[in-house]
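As a starting point, one isolated chain is supplied in structure tokens, in the form predicted alone.
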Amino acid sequence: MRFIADLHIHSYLSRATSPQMNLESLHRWAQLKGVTVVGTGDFTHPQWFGELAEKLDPAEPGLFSLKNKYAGDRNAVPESCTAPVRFILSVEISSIYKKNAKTRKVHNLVFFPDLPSAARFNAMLQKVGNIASDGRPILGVDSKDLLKMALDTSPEAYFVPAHIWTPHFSVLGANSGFDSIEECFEELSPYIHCGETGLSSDPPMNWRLSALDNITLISNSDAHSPDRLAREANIFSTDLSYAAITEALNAPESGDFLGTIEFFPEEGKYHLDGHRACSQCLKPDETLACNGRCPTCGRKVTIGVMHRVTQLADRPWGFLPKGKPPFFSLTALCEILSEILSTGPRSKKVQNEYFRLLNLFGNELYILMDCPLNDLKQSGLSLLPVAIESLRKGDVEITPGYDGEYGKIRTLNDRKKQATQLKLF
């Protein structure tokens, strides 16, 4: 079966997350978005682990369903969006440690197929650090050692370096990472089958590195609030099971992994270089011309993902390796409605329209990716099919993100709006 999976999220017990990041809300928003498999996030936190044990039932092998008594009011999900939701045990761990005379700050994702394995892993981690202080624990353990601990816990453990290019906390990041997967994981590198692109990079950027040819590129939302679910995600065509998902990622040539749903990488908040305090956004060559210093205040700029990829790349822009699964660049439906209605994406007006459209057509990802444009013409919003068509074609206007500032994506401009008005007239 074809389904969408968002494997990296956080619970309300992680820092800077919404109190709504609970299983009940995730179950609801997965249906609204069109996601079938959702990572639990944060299973190392004792309180969250207790909630997982209490509220989830085993479903297909290695996956879990929310017990009926916690699933909430069925009216909270439009009938057009109602669908099964499964959970997969996941956690992001922040490793901060010294290696080769340099401080490393690397985030990794760890998955397990069952609660007993996750409990054993948690018990091992308790011996090396405090896993109760945050849903994403910060531990002074080498990434390679963390991988070994996971594999020692269960041969079915699955380990993925998170958002591999993010400047501050990633395996290839500019500030504290390594120059290759092998430098980080050494002899255990063959156990690394995937890397997460992160919001500020996409597959074409990663394809510039031949060193990543054997790495399956996945994308996930890293959501800190339920409405951010599936802003990036993965598309599978497999049976619903933990083993089927991991096997598809290990062997993308099988065709069971159908690709990723991505941000336009420029929308990510670390795409270009810059210094947000001075509103300085710089391309890599501009940063080099300034010797890595802010042109306004002289402080060091944050080196973005584009720059870091360029530093390590051994291929030109536009290189297309054979046999790689496709990707689809999207932006959120509420952002599109915000353009159309000329008001904020979280405004009541936009939210009302969002749920009206879901009632009419189905879940958000269906509307963005698959709903026929002729059907969207029946929405009562004349600019909606224009904006969706522009999105699908990649015909968008972009203001890049930098130094923690998200970029902006526009699917409509004055020309498109005027052309639509003329057609209506």
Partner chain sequence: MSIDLHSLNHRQQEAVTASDKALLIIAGPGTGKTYTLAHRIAYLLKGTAEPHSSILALTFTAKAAQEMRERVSQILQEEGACEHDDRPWIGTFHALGLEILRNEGKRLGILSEFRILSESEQIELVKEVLSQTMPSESLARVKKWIRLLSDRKNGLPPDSSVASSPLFELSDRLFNCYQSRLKDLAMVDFDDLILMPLTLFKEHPDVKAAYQNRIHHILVDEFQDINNLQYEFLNELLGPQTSLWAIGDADQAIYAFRGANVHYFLRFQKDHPSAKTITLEYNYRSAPPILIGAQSVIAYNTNRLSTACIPTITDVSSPITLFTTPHEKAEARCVVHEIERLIGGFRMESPVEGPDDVGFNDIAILYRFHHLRSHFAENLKQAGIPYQLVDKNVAGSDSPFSNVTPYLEILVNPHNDPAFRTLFPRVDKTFSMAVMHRLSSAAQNKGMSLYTLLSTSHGKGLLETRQEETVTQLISLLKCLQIHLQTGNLKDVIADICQGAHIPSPFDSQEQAGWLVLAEPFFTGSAAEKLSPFLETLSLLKEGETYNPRAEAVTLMTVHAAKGLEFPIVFMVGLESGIFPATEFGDTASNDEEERRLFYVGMTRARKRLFLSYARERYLFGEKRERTPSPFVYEVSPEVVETCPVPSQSEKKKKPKSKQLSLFSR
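Owing to the predicted nature of the structure, the values given are computational and were not obtained by experimental measurement. Whichever C-alpha set is largest while still superposing within 1.5 Å between the two forms counts as the rigid core. Positions refer to the first chain, counted from 1.
One more form of this protein exists, namely the form predicted in complex with its partner chain; it is left out here, but the text below deals with it.
At least one heavy atom of residue 98 is located within 4.5 Å of its partner chain in the model of the complex.
When its partner chain is considered in the model of the complex, residue 308 lies well away from it, no heavy atom lying within 4.5 Å. Looking at residue 244, you'd find every heavy atom of it more than 4.5 angstroms from its partner chain in the model of the complex. Its partner chain in the model of the complex is not approached by residue 275, whose heavy atoms all lie more than 4.5 angstroms from it. Interface residue among 103, 237, 214, 352 relative to its partner chain in the model of the complex, by the heavy atom within 4.5 Å criterion: 103.
Think of it this way: in the model of the complex, its partner chain has a heavy atom of just one of 326, 255, 140, 116 within 4.5 Å, and the residue is 140.
The chain is drawn here without its partner chain; in the model of the complex, the stretch among 255 to 263, 222 to 230, 275 to 283, 147 to 155 whose residues come within 4.5 Å of it by any heavy atom is 222 to 230. Looking at 162 to 192, the residues that come within 4.5 Å of its partner chain in the model of the complex, counting any heavy atom, are 163, 166, 168, 169, 175, 176.
Superposition of the core reveals a Cα shift of 2 Å or more for residue 300 between the shown form and the other one. The two forms, fitted on the rigid core, differ between the shown form and the other one by 2 Å or more at the CA of residue 406.
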